[in-house]
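Structure 1 and structure 2, given next as structure tokens, are two forms of the same protein chain, each shown alone.
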Structure 1
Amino acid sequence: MNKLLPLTLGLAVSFASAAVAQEVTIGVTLGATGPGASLGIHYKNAFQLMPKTAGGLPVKFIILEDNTDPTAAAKNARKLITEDKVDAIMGSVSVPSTTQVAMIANETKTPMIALSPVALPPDKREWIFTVPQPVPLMMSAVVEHMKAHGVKTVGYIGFSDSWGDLVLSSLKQFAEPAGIKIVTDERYARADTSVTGQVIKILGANPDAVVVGGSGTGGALPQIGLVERGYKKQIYHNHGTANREFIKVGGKSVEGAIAPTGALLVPEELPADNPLKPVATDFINSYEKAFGAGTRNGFAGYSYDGFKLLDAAVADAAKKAKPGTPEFRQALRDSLENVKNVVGTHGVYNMTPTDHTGLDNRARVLVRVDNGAWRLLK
């Protein structure tokens, strides 16, 4: 029933505030079903916790479901932009879906907050602002840790999809300059019943460490396979894996696994002077209050940070034009490009015309599974 709530709320809000002229409309397309469901549900949940105003103006969310299907996401984006005349669009859960939405946002000149990475060249990102940490930023933390611990060779096993490719290419980007050799490129699918073949191949190469390019509970299968077959060296994951379910599924086998993630997962363990600490703690508290203890995850934080960016940009844009007009959308885009020091749950955002993500090293920490929970690695 939880899933229907944001929709009904959105509807109720839309009826109640139809008379209000100065209202910002934000269109959202997310996949809480389909292959991205495990992330999408969290993304969607966060919208139940959103404030009622953005930049001092009342805000209305129109949330549509795209089943993690790029075609449906594109259809939703068109509908939101042409029929509902949204001032900004947010979405979606997977890289292909988000990319589809981004292309439409560019074409229609609608500011977009991308909630997952986008596969577009930099010159096609004029209207796109990305919330999640770029994969290279995260993998650079992993490589730094490898370097500090004398890792010379690394085996890779990842999803046989664009996520697996993205993690591998980011790993390569930093591993090669650091003198770390990637000795295997194995692939598997989330629904596979076994990864024996891939694991044996990695064991044959006997690398100093293994990087898993899976996400969520999908990251557990290779680690369980490796540990079962007696691999004792360090296994690294990526930020798609750092959630509670991963540990639940992996049990003892995933003890000691290291993953990069946003500060959001372990706000209690951050030093007191970290600017993210209060924001992340507040968000986690209200999220866990609404959805149960231990439900914390990075994805809900992306939705929230995306809203924070809009929140910071709207006030400025509203001075130049009225919401619902092309001028407002242009002003909102310009203003988004110049937001400074927006403290979110994942990092501190400083947008520039050349950097539409605006995150720095503060947006990543390494965590390790320690006695069945993710703990900050100091």
Structure 2
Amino acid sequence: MNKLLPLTLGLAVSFASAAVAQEVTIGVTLGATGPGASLGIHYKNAFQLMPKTAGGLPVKFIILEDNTDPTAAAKNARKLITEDKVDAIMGSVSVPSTTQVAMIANETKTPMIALSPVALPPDKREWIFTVPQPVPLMMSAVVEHMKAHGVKTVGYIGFSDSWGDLVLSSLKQFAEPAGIKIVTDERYARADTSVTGQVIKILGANPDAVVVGGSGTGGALPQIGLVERGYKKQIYHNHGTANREFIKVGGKSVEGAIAPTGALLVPEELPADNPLKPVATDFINSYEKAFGAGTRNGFAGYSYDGFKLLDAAVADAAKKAKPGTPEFRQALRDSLENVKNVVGTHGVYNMTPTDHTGLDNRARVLVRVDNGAWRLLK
């Protein structure tokens, strides 16, 4: 019998155990079905394009479906954190779902990469790092465009949830100082198929422009209703609508719609010296190669940018603790809070203890639906 065999096997097991111990595990909850499916599918698709390592260590993603249901998202978060012992969590695709996950991440001291905005006060976001542009940053661009084009009154219609609230509060923050009066506050549910009553009220107020606080395909519903009933003035949206599905559902009714979004939707139209252009272009090329021409969207880019933040932070955290431990989660949180100059598809991220988004005006452009496609508004 070969006396070296047990020693060899022992070393192999030892090395394998060491490799597993150094693996970073990321839990993900997303809604690729349900009312947020037109966003969630793209968020999820991006994980097929992720690198196999983060910060130089092997990375494993555990992806669970939450059906765009806040209760299911919370249940997934509990499972990923308590049973799967993930080092960090990512998700979800709507503000209500993401907020539920964020509350659990904060409670359990688990670093979280939020893939949609979070409706929590700053003191409840110690462990939360948000990838999408803050709603005020995006809506300020919308108000600037309205003011430049002489808009004095604006009608609002948005989701009857925290996303609708966030868009409206940001619109108020900038519209009122700009001398623009908000004359309606109409709401509808994500699953609604008609907004006739709300549209009639908006038409009765006859605003100079309308802002829609919806997202995904649900964001097209008010514009369809307004156009069908003869509204011919400008309709604005938000960064939750900038995908192809919005245009497919809205058809000719959404021609001319304006929305703020990140650079990755129109990288070819950006100036050559824009720092986001090469990153956004590379990602869009990879995404459309995998999922088809014209599938570009902002939501897959949020997933990718979230990974880039983790990639930048893991290397530093791994110097202080081993993955799979509370010490590593704390180190990862601390590292995320101090990442600098991470160039993503949407913006350049510079986190600080008081800013867990870290984006500036480079993270926004205005786009318009032109002949069935989103084009840069110049």
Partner chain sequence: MNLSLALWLTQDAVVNGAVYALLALALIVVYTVTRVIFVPQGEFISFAALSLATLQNGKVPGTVHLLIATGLVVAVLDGWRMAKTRDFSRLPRLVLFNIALPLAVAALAWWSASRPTDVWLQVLVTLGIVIPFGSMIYRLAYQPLASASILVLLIVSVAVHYMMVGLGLVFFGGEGLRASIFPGFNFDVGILTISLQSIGIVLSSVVLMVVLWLYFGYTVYGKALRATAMNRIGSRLVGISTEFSGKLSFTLAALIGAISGILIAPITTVYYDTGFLIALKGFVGAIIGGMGSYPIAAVGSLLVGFLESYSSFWASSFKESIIFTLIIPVLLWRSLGKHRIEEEEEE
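None of these values were measured; they are calculated from a predicted model. Each residue is numbered by where it sits in the sequence of structure 1, with counting from 1. For the two forms, the rigid core is made up of the largest set of C-alpha atoms that agree within 1.5 Å on superposition.
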Matching structure (the form predicted together with its partner chain), either 1 or 2: 1
Core superposition between structure 1 and structure 2, C-alpha change of Glu228 at least 2 Å: yes
Rigid core superposition, Val369 Cα moves 2 angstroms or more between structure 1 and structure 2: yes
Rigid core superposition, Lys252 Cα moves 2 angstroms or more between structure 1 and structure 2: yes
Per-residue C-alpha deviation between structure 1 and structure 2 [Thr217; rigid core superposition; Å]: 3.3
Between structure 1 and structure 2, C-alpha offset at Ala189 (rigid core aligned, Å): 4.7
